[in-house]
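A single chain comes next, written as structure tokens; it is the form predicted alone.
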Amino acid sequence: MNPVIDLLKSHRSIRKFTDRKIDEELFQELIRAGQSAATSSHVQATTVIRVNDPGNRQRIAELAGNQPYVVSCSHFLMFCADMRRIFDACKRSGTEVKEGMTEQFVIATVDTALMAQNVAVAAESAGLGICYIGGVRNNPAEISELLRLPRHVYPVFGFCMGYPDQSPEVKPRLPLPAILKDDYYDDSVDQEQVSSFDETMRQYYRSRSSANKDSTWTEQMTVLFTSKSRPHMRDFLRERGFEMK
């Protein structure tokens, strides 16, 4: 195909890193590459916090579910959806801001994810490994206080980055017919495709080089979505100023 597509298809989450540190010039280029991602109406509603303080890293690792690679990676970043900068700019111009709209939450969250994925691809192209840390949403209020996040800013996910000290297998994805539809939403083949994928995932987990287990994709989804997932997030977001009007 081509090197970019090959790189994208070879993504793995890296959770073990060497002691080698990322050069500052390279790091800043990676963030600039992130800034070049698409952004809704040029809003650029993202702030990235590089967490250097060892104590803060350790605390975030604990709050995110005791994930030690938050501490051991070369760089740990907190990607935040940020409407504060936009609101401040509007207020300085004498404009009355309509705060708390659901669309603002969507824009800021999507912008943040797009920028982070640009950083991820750029990092992997430079021989680095990355791992998203959604566990920061386990305790978002505590993390927001720790990082002194103001109102209208919330932590979407953490992001570990460094030189890999492991080479895990690429995790399979759902078959293309299950997620690619022509013209209309047609799920007539989805059950068959998911059943096939369940077997693929069972074989993947049984044969992978580390942390073998016996599970399917459906079984994992059943665990994830048959209980309340982070029910505190709605109230937390409202307190942050994302009121979903």
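Note that residue numbering begins at 1 and tracks the sequence as displayed. Keep in mind that this is a model prediction, so the values were computed, not measured.
Below, we refer to the form predicted together with another copy of the chain, which is not included among the displayed structures.
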Next on the checklist: Would you classify E25 as touching another copy of the chain in the predicted complex, given a 4.5 Å non-hydrogen atom cut-off?
Outcome noted: yes
Item to check | 4.5 Å heavy atom contact, T218 and another copy of the chain in the predicted complex | outcome: yes
Checklist entry - Would Y69 count as a contact of another copy of the chain in the predicted complex, using a 4.5 angstroms cut-off between non-hydrogen atoms? => result no
Next on the checklist: Whether M161 contacts another copy of the chain in the predicted complex should be assessed with a 4.5 Å heavy atom distance threshold; does it?
Outcome noted: no
Checklist entry - If you check Q203, S36, N212, Q58 against another copy of the chain in the predicted complex, which one has a heavy atom within 4.5 Å? => result S36
Checklist entry - Can you name the residues of 111 to 136 that have a non-hydrogen atom within 4.5 angstroms of another copy of the chain in the predicted complex? => result A113, L114, M115, Q117, N118, V121, A122, S125, A126, Y132
